[in-house]
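We give structure tokens for two forms of one protein chain below, kept apart as structure 1 and structure 2.
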Structure 1
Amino acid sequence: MSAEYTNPLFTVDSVLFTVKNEQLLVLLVKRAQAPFIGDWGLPGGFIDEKIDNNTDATARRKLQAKTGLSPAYLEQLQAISGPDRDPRGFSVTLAYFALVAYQDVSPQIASVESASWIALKDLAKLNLAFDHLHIIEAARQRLQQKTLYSMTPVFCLPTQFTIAQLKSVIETIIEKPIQRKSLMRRIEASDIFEISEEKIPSGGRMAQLYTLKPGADLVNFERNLSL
């Protein structure tokens, strides 16, 4: 290869969302090393060719090390590149995203001072590293789109959940109310849920609990959910 060509920096970053108390949260880590030391950023890092078979493995390794979290799934979002993203030089990052159930997180590596779930409405108050605010917004838009045509929101619910809980999560993500009857039709059409024998009190009545069928694949619908 000609000496005039140099390899760009290549990293993997993950945008993990959850819903708690009717707020959409994103998982961030506080950086303990340069560049952007002391700023908040997405959990990610460089590929290790010796141990990572692919970028999926890099994303999972970095998430585990920097937050202690191992999501059930990760989905590629997009590649972002440019000469001004990183003060160390031209860089490329492959961004992943996922929606997960809320759980405690804690860093297990010296390059991270702390890890925390941050409400999206509070991001403007923080100093964010690199172009991570832009990546988070792109991931949020993709999540909103997927919520309208898939059952992705069940990933952040407990094992057993009510229709009201599912409806609340969907409305929190898309920031709009939805029709309960439209959601019920979608649940019936998906055929991926089982009705539990248990019920819980909800709004003065007993609400039915639902669970995902074992091994169920999430269904994508041809039409968006009716608002």
Structure 2
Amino acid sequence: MSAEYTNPLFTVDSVLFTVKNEQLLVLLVKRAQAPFIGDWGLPGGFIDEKIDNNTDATARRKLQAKTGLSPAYLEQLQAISGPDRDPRGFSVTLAYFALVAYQDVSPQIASVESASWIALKDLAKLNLAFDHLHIIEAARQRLQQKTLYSMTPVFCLPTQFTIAQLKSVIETIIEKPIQRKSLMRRIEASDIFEISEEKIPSGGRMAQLYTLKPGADLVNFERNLSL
């Protein structure tokens, strides 16, 4: 084997989800550069070796540029590669999947023309760059799976939240109603939540606010919620 090799074009793209009004939203940006100028695409770009210590940092930096802050949750999804997915040549995209609370980033998003929350059900109407539609679908499936066996969806909520809010977010993600009781059992069993001092009005009895325990890691439950 020779020392020569072809190094593919390498980019990092993120699928940033949030939930708002029982709708799963994804952050898209209007592309200002070729290829696919004018189309919607995932926020992302090239590694900046001077700034980024690794690809996670690249994903965070690119998301921060669009939303004003680092996402509450970020994990690697998948690398997608091929000779034809980018007209400039063989390319590899490392896709990330991330979550934020809508409230945390909405002002920044609203102030920027180039970025926008799009409901997942409206994606079909848009022209998406590259295979980004496919990547979003893969991210959504991963999010759904994780929701069945973990509390990942809390990262779509502000630091203080009620059980009803969490239930609603979960139901939006898996597109199925769940039992309030099952959720409470899991909250209890996971031991990663704290009962806040406050309660907030809800139309009926006051709702207890919860927060994530500082430094607590997500737990995986041994059983899935049923789909």
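Residues are numbered by position in structure 1's sequence, first residue being 1. Model, not experiment: these values are computed from the prediction. Throughout, rigid core stands for the largest set of C-alpha atoms superposing within 1.5 Å between the two forms.
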Q) Of these two, which one is the form predicted alone? A) 1
Q. Does superposing the core leave P35 with a CA shift of 2 Å or more between the two structures?
A. no
Q | Core-superposed C-alpha of E49 shifting 2 Å or more between the two structures | A | yes
Q.
Using a rigid core superposition, assess whether S168 undergoes a CA shift of 2 Å or more between the two structures.
A. no
Q. Aligning on the rigid core, what is the distance the CA of Q64 moves between the two structures, in angstrom?
A. 2.7
